[in-house]
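Okay, here we've got a single chain as structure tokens, the form predicted on its own, with questions on binding and movement later.
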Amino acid sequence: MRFPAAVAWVALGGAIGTYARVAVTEAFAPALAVTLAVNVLGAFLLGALVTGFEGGGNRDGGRRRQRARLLLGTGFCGGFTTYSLIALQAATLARSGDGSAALAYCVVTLVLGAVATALGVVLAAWARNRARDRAPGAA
């Protein structure tokens, strides 16, 4: 895939992901819990997408997977999650004198994000293997 096309797929996905995040945060009061939930959900989706788009296949299938990965993984999930807002919220907590809450917020976000990513990877791998085993001609 050529560089301008790859950038276009990422930009389109990023715009949609950013819009989705703004819609979620405006639907609920902008709060630490909403930011945490958005980032954990984005981490889960990214883990599942990256695993779901793995694999061989023919040349056209590989290109489609590459475009989908750029659009949904790098673009959408990149725009949907907002680790910069975590830094801003943690800095706000720390400036208000609640440094331990700021640190806890960062640690909880990172740990839950890692766990969500692992769950997404495991779930997508399980679904892919199950679909492969049920495909016609599978032994």
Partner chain sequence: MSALVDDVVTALWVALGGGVGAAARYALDRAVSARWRGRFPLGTFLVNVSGSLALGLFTGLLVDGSLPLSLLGVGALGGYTTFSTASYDTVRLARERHFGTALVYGLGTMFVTVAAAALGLWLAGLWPAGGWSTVG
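Just so you know, these numbers come straight off a predicted model, no measurement behind them. Residue numbers count along the first chain shown, from 1.
A second form of this protein, the form predicted together with its partner chain, is not displayed here; the remarks below concern that form.
- Interface membership of Asp98, defined by any non-hydrogen atom within 4.5 Å of its partner chain in the model of the complex, is ruled out.
- Although the partner is absent here, Ala68 is not a contact residue: none of its heavy atoms lies within 4.5 angstroms of its partner chain in the model of the complex.
- Using a 4.5 Å cutoff between non-hydrogen atoms, Val10 counts as a contact of its partner chain in the model of the complex.
- In the model of the complex, its partner chain sits within 4.5 Å of a heavy atom of Tyr83.
- Contact annotation for 4-22: residues with any non-hydrogen atom within 4.5 angstroms of its partner chain in the model of the complex are Ala6, Val7, Val10, Ala11, Gly14, Ala15, Thr18, Tyr19, Arg21, Val22, listed in sequence order.
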